[in-house]
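Read the single chain below, which is given as structure tokens and is the form predicted alone.
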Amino acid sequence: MQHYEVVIVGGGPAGLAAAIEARKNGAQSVVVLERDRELGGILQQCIHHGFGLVVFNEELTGPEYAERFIDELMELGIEYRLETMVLEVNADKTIRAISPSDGMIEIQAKAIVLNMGCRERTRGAIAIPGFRPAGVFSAGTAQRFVNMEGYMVGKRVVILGSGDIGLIMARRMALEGAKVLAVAEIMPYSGGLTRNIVQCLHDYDIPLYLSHTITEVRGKERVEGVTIAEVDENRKPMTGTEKHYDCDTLLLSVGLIPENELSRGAGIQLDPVTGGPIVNEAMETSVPGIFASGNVVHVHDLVDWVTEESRRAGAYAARYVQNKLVEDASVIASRPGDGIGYVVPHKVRPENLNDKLAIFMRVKEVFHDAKLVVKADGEVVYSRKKRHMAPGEMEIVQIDAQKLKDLKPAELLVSVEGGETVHV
């Protein structure tokens, strides 16, 4: 049995930030366990610009952003193990992992930070009709083939879903010489950032069809074509609205799912909306001493927000090891109100906050000129008018910690008030 103060599961952007912050906050023995052949996670295949605008105030590619944290990890002398697959995390903070070099490993941790990220929803999860021909890829798989392995996945492409990876791959395929015929989105709004819709679709004259879905995939051995159709308010295809495309490739960008098999095994309570652990202000899960951050908790749109959240998880994990967390403090429940899909964190102990409480959330619909309001037992503690809010773009509010300590509320309610609901 090996012993560490803090064990980080996952060496992507969340895990790197958590490990660095744990060391900076006094944890002496920290190890990062990464199942891939290199650190950096999904950032290594994200060769486009747009990372680091918040954290570094400059525009970086994914590998450049990852390199900053990998270099800092090395400078701090933090141990990491590659090609190490964690098989089991237990409530007593024991870990079982396996690697080609070390075989089966057993680790006893004082604190664990879960940073396994998320995975893409597959064709099987959305039940597209048709055979199972070659040429159907998740957008992330296609991204790895093109950007890291050097394989071109197709020449005539249709994309289902307007998540950020799908939008970015529309541009990437166009830059590689493919013809991107259309992007279909079943919802009446895009699931991606506005800047990606503009830079990846509009700038390349790629049409986006909202309230549309795939109704047929033609071809038995290889994709030969697809049919898309408009859907009604119940998301059912409407006869007579079909559009047919001859293509050899279908990319799916139909949602991301937090990777929480290890969390379930540890008995961690999960949020049915986000699919990730229920966490408090320290990013601590329902199992004491096990923390979580990044896309394993809820799917982020910017890696900068992953970093900020994970820094908090790493710092609090170090404080937990040093017995500096107030465990028996009063607890405030935070919950979503009108127009809000979810909020993170789910619980708040004000005594553990420094200066601010950051609340992450997503709205349920597209709103124009609406107010984002946070109330503590009915008293407004935050209010800001927003010109535009959409489900594809995360909202973050900062609440003064001292105000919460003074008010001692039982509940924080986050709501959208006023404004106009936009039905595209």
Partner chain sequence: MYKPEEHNVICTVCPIGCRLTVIREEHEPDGYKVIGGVCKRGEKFGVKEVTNPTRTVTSTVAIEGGLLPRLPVRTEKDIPKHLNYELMKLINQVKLQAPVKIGEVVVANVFDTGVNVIATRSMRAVK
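Positions refer to the first chain, counted from 1. None of these values were measured; they are calculated from a predicted model.
Same protein, other form: the form predicted in complex with the partner chain, not shown, and the subject of what follows.
Residue heavy atoms within 4.5 Å of the partner chain in the predicted bound form occur in exactly one stretch of 375-383, 24-32, 353-361, 388-396, and that stretch is 388-396. Contact with the partner chain in the predicted bound form, defined as a heavy atom within 4.5 Å, holds for exactly one of E88, E176, E72, E79, namely E176.
Residue R172 is the only one of R319, R172, H346, R349 with a heavy atom lying within 4.5 Å of the partner chain in the predicted bound form. Taking the partner from the other structure, the partner chain in the predicted bound form has no heavy atom within 4.5 Å of any heavy atom of E233.
Though the partner is left out of this view, K371 does not reach within 4.5 Å of the partner chain in the predicted bound form, counting heavy atoms only. Using a 4.5 Å cutoff between non-hydrogen atoms, D203 counts as a contact of the partner chain in the predicted bound form. Remark: M238 does not count among the residues lining the partner chain in the predicted bound form, judged by a heavy atom distance of 4.5 Å or less.
Contacts between 205-233 and the partner chain, taken as any heavy atom within 4.5 Å in the predicted bound form, involve no residue at all.
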